[in-house]
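Shown next as structure tokens: one chain only, the form predicted on its own.
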Amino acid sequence: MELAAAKLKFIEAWGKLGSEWGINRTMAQVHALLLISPEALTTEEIMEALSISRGNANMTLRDLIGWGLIEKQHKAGERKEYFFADKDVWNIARQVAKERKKRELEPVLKVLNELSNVTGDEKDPAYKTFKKSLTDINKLAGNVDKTLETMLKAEESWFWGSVLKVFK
């Protein structure tokens, strides 16, 4: 397979993977393009490479910056903005985990915390079932939160070594 075809296949696969993780397909494809580009790219270069509109490109680049996955760069003497992605996959994984924790897990933890104050008759089966389900989900969510916090603070080799010990 030629490099150009391999790049297109990677961009398409990364886009599909991103959409399965709940990330916009175009956002994942732009990230993939920047991930495999040795140099920072302009909005126009991204639009041309992926056949997307300026509005879509601008919105997607803004989202990727918001997720902390790309940086905007300026070159001396040029008015154009350039965009560059961190190539370190461990940094990428940690950044995605951090953003998903903030956007998905933390709101759930907040609601679970509010719901933990529910009162009712301890003899009522509906109350007991609700309380037990809530307690179990809260425990799981808390453990996921702790695991993500550990991942966010850890070095890659220590984290994977620790995870692999669990499965031995």
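What you are looking at is a predicted structure, and each value in this text was computed from that prediction instead of being measured. Throughout, we count residues from 1 along the sequence that is shown.
Below, we refer to the form predicted in complex with the DNA, which is not included among the displayed structures.
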- Please state whether every one of the three residues S51, G55 and K80 places a non-hydrogen atom within 4.5 angstroms of the DNA in the predicted complex. yes
- Query: Do K110 and the DNA share at least one heavy atom pair within 4.5 Å in the predicted complex?
  - Reply: no
- Message: Residue-level contact is defined here as any heavy atom of the residue lying within 4.5 Å of the DNA in the predicted complex; does M59 satisfy this criterion?
- Response: yes
- Task: Could you confirm whether K98 comes within 4.5 Å of the DNA in the predicted complex, counting heavy atoms only?
- Result: no
- Message: Taking the DNA as it sits in the predicted complex, is N24 in contact with it (heavy atom to heavy atom, 4.5 Å or less)?
- Response: yes
- Item | Heavy atom contact within 4.5 Å of the DNA in the predicted complex, the stretch among 115-123, 24-32, 99-107, 128-136 | 24-32
